[in-house]
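So this first bit is one chain, no partners, the form predicted on its own, shown in structure tokens.
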């Protein structure tokens, strides 16, 4: 499928680093409203530049638009592409409000077009390996999941000098103003929904603890930098999800069943080994605990735990961010579904549901509440 990129900022370089080698995708060119950024990006990657959005949409060869603009432009750019008869794959979130997200889903449906949004890490090798373990019943009845999306005190780092491989600055102002929940919660929500189905109810608390971050950039921060949510799934599983840009970096996902615990150390790492044990603790922590309790005897194999090497069909390169996350895998999956009838693993219903759950976690600030979800996934 022929694709074109709109938005040549920081994250676009990560897509470009993972795009080569994906079957069925041909990149025709890119467009950015900043001429200097467009020139730098297209020159670095040696791809054609479209002089305008109109020119890109007038190119009949373009079947899918990949929307990598800033979050507050997602609705406008995606809607223009859909109205022009193009399939759309968007960076997260699908839109900034449910009304905008539902507008995009309706526009895609009425035109029979494909629509999906990042993140696509539920397609990762390690999440798929965990899905296989759950399907085989090796953890028994699953009761609880614990998900972390903590990025450390980003505002204390040298973020003003962060640059992508083509020279784009990290979009600090957008990151701080949009908020860590809207920006990053999907990396845990999407795998959780893929593993356990739709969320029925969200009970959330959030707060803005560092309102002064990004002031030197002119940022006006009102979005929370901490959110904690309890997600209840249709199948009865309950998950606790924490998002911060305050707590030390932790992107782990633990799934607790009656027979053991499965741990993904980092949901951004597509090839990380899956660890399964009786307690979910590391070997060193378990050993220390047993010594402290003066427990003797042979330690069962499950208590020691096992690391499952994750088989993968495509090696993901280490991106600018220092992790192996295949940003472009979702684009390829959507194209395969449209052109070859591949299994439906990304799509408008998933993107809409993840958006609804994210918004339930995000707002209003400094309030705890329970909210029943209206959307679902098939």
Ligand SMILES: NC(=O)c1ccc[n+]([C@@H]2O[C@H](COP(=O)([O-])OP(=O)(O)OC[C@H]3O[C@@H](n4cnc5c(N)ncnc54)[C@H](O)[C@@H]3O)[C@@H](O)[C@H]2O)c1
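Values in this document were obtained by computation on a predicted structure and should not be read as measured data. Residue numbers count along the first chain shown, from 1.
The form predicted together with the ligand exists for this protein as well; it is not shown, and the discussion that follows is about that form.
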| query | finding |
| --- | --- |
| Per-stretch contact check against the ligand in the predicted bound form, the hit in 88 to 96, 193 to 201, 241 to 249, 152 to 160 (non-hydrogen atom, 4.5 angstroms) | 88 to 96 |
| Touches the ligand in the predicted bound form: residue 31 (any heavy atom, 4.5 Å) | yes |
| Partner contact for residue 169 in the predicted bound form: the ligand, 4.5 angstroms, heavy atom | yes |
| The ligand contact at residue 14 in the predicted bound form, heavy atom, 4.5 Å | yes |
| Partner proximity in the predicted bound form: residue 37 to the ligand, non-hydrogen atom cutoff 4.5 Å | yes |
| Contacting member of 278, 77, 107, 228, with respect to the ligand in the predicted bound form [4.5 Å, heavy atom] | 77 |
| Triplet 120, 270 and 273 all within 4.5 Å of the ligand in the predicted bound form via a heavy atom | no |
| Residues from 100 to 122 in contact with the ligand (non-hydrogen atom within 4.5 Å) in the predicted bound form | none |
